[in-house]
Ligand SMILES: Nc1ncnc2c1ncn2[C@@H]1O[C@H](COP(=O)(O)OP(=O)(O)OP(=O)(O)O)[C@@H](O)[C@H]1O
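Take a look at this one chain, the form predicted alone, written out in structure tokens.
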């Protein structure tokens, strides 16, 4: 039965049409869930650079390959329909935007859909004006993402379980990258909402936290992180994790889009340290990344977790994002008896980088909030992290850093 959610109200005459865009977005309106006579003509007139197309299906095949945005209807009293939509949202995060028009909307279900990856949720019946405003916000976010694609890089650390030393690796690599006088700015963004400690590892007093960013309100992509974030003596800027534990659901894909766009605008390289869990927003973060660092340790459980993470990346169709596989904290003789060769055979691919264990040196650097070289120069772990910095730096940038060794 048709939901008939559209309330035909003519937009105010004084409202200007949306500006022309150089590249048209493709929008599909799934008519079976939206009811009779959706305002396709009105939307086409307001957004002349956007292609709107009515669809005789609740969800088209190859949606992400055909459209940039889908507008779908949902009845909050239909549990099966809710399950179908949430499953579709979880598989298309980062590949297509979805605007949901929901009859009998409630706050709990609206929040659930947003956290699953919906770009917006509007209660039915929705006016032409409300729909146009929501679309303008989504198009602006899409435009921002497109504009930022050729700016700085987001490099995300994906952990094969806990205790792999990813945070210490992130901050020491960032310090090494920032040592180049010609770098365009290096940032560490600690998005581990509950256990993040990057600011502590660099001994930054009263850092700007993610909680403060979210509490400030406004569009995250418009914030100036280059001027707002405190910097370590090395020049590394840090966006710190919240001081208090926050629910993982405090972030969502839309906020991640804005955050990554702003960080790419303000810094040449941003190393992002997320939690170990997979959510809609961590999925979006990985999809927005130019490189993924998969960090593990040399142990049987961690080898199995690496295989699980690689499988998940494939299942989420993230194969196109380059993955650098790092075996961290490798002792001269593995206490577990597991060799690097055996681990690589079990994983099915070689390690791109092996970083030796030097717990005492790393702990001294963390406790003092300084680089490894400040504690002791010429260590094997410092050399290995230098090689990682060379792998991550833009072409030609690390020549100067290499000469500083």
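Residue numbers count along the first chain shown, from 1. What you see is a predicted model, and the numbers here were worked out from it, not measured in a lab.
The form predicted together with this ligand is left out here; the points below concern that form.
Novice: Would residue 356 show up as a contact with this ligand in the predicted complex if we use heavy atoms at 4.5 Å?
Specialist: Yes - in the predicted complex, heavy atoms of residue 356 and this ligand come within 4.5 Å of each other.
Novice: Do residue 139 and this ligand come within 4.5 Å of each other in the predicted complex, heavy atoms counted?
Specialist: It does not: once this ligand is placed as it appears in the predicted complex, residue 139 has no heavy atom within 4.5 Å of it.
Novice: Test of understanding: in the predicted complex, would residue 154 fall inside 4.5 Å of this ligand by heavy atoms?
Specialist: The answer is no: residue 154 has no heavy atom within 4.5 Å of this ligand.
Novice: Though only this chain appears here, would residue 159 touch this ligand in the predicted complex if you measure heavy atom gaps against 4.5 Å?
Specialist: Taking the distances in the predicted complex, the answer for residue 159 is yes, it comes within 4.5 Å of this ligand.
Novice: So which of 99, 298, 166, 124 reaches within 4.5 angstroms of this ligand in the predicted complex, heavy atom to heavy atom?
Specialist: Contact with this ligand in the predicted complex is made by 166 alone.
Novice: Go through 376, 26, 349, 363 and name the one with a heavy atom inside 4.5 Å of this ligand in the predicted complex.
Specialist: Spelling it out, the residue with a heavy atom inside the cut-off is 363.
Novice: Among 322-330, 207-215, 128-136, 106-114, which stretch sits within 4.5 Å of this ligand in the predicted complex, heavy atoms only?
Specialist: Correct option: 322-330.
Novice: For the spot marked by 192, 201 and 381, is every residue within 4.5 Å of this ligand in the predicted complex through some heavy atom?
Specialist: Yes, each of 192, 201 and 381 comes within 4.5 Å of this ligand in the predicted complex.
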